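Only one chain is shown below, in structure tokens, and it's the form predicted on its own.
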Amino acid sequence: MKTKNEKKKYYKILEELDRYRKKDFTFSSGHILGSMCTQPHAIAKMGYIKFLESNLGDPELFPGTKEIESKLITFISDLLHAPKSAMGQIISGGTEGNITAMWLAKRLTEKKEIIIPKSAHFSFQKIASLMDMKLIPVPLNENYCMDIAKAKDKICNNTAAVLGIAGSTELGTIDPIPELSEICFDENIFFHVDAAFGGFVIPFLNELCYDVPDFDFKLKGVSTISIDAHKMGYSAIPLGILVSRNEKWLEKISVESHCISSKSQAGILGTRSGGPVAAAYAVTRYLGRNGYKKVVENCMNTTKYVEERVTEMGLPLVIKPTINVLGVKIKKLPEVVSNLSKKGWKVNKIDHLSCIRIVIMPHITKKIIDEFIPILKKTCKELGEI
């Protein structure tokens, strides 16, 4: 039983935390329109709390949590059509997934150059710095996807890996993954697919009859895929999964692990919370493939609705949306973004495209869009944008 003073201190700290939290924008308000994360599903929150103290870095102490991890990896591997030889690894998210994939590529090939589209995630700048690797950027075509012919021209004897993006950070575009896969298979080059955002979208778009290319292990040239559960997986931050075509590859980045229950450990992190893993597993169990399909269908319907409302205002899009991401062209970009923020709405700005990015996550509904559009219209009129 706490003393009176201890109770007082306890509640005082909680009140302090509440004050800080009230300064934050929240997904539940619907006013965060530019993030690739979302309000976690209710069951994800419950699952997270139940496994707060579990550490997957020492798996024999937490065999139940380890079993959950295996089941989650199986779900993701099946979603991505991974072969029986594949191995999945829990990671913190897309950045760690990209770093780990390139770590693998460097160890397997003993080469240093990575061919990337100019739309590659900024984590590749970290990779170049951390691992003394050289980035070879490839221009984009008119659809803001990697130019295949120019990518092929960049391949040389020092190419460690090629990167393809399935759902780019800026516009949600999908690179020509099938063509890249064929090139990499023929040239025996490591091919990594960054599907951090699109991995939980594209499989269901195929089922909904959208015209999107294959991006997963159905393509024989794909070596690794990174996918984030805390994005369109509707789960809690942070949780991603890296799937490698060959389980033996992980031996290349494994080290002996003393003082814990496993003899060796692959990957970057040692201590890994079971909370996000349990959260992601709970969502996959609750929603299943049909549930995710419905989530994606709703997001795409809302995306179409936003496209209509924005173009009605006279604001052009950078390109027609490929998935649930829109780039809205804005001339006075900093002013519009700043004014929207002051009015309680958060969008992302992409300076080099002079556009705002609107991401239609599960927490964004048509009702929220109906609240936002008049604010956007008024802001643009005040600034002479329209």
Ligand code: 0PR
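Note that this is a predicted model, so its numbers are computed, not measured. Start at 1 with the first residue shown and count on from there.
Keep in mind the form predicted in complex with the ligand is missing from the figure; the text below concerns it.
Asks: Sort through 305 to 313, 263 to 271, 283 to 291, 164 to 172 and report the only stretch with a non-hydrogen atom within 4.5 Å of the ligand in the predicted bound form.
Replies: The contacting stretch is 164 to 172.
Asks: Quick one: is residue 106 in contact with the ligand in the predicted bound form, heavy atoms, 4.5 Å cut-off?
Replies: Residue 106: no, not in contact with the ligand in the predicted bound form.
Asks: Taking the ligand as it sits in the predicted bound form, is residue 121 near enough to touch it, meaning that at least one heavy atom pair lies within 4.5 angstroms?
Replies: Yes.
Asks: With the partner left out here, check for me: in the predicted bound form, does some heavy atom of residue 196 sit within 4.5 Å of the ligand?
Replies: Close contact exists here: in the predicted bound form, residue 196 approaches the ligand to within 4.5 Å, heavy atoms only.
Asks: Within a 4.5 Å heavy atom cut-off, is residue 95 in contact with the ligand in the predicted bound form?
Replies: Within the cut-off, so yes.
Asks: So which of 318, 37, 56, 68 reaches within 4.5 angstroms of the ligand in the predicted bound form, heavy atom to heavy atom?
Replies: Only one listed residue qualifies here, and that residue is 37.
Asks: Any residue of 349 to 364 with a heavy atom within 4.5 Å of the ligand in the predicted bound form counts; write them all down in order.
Replies: The stretch touches the partner through 357 alone.
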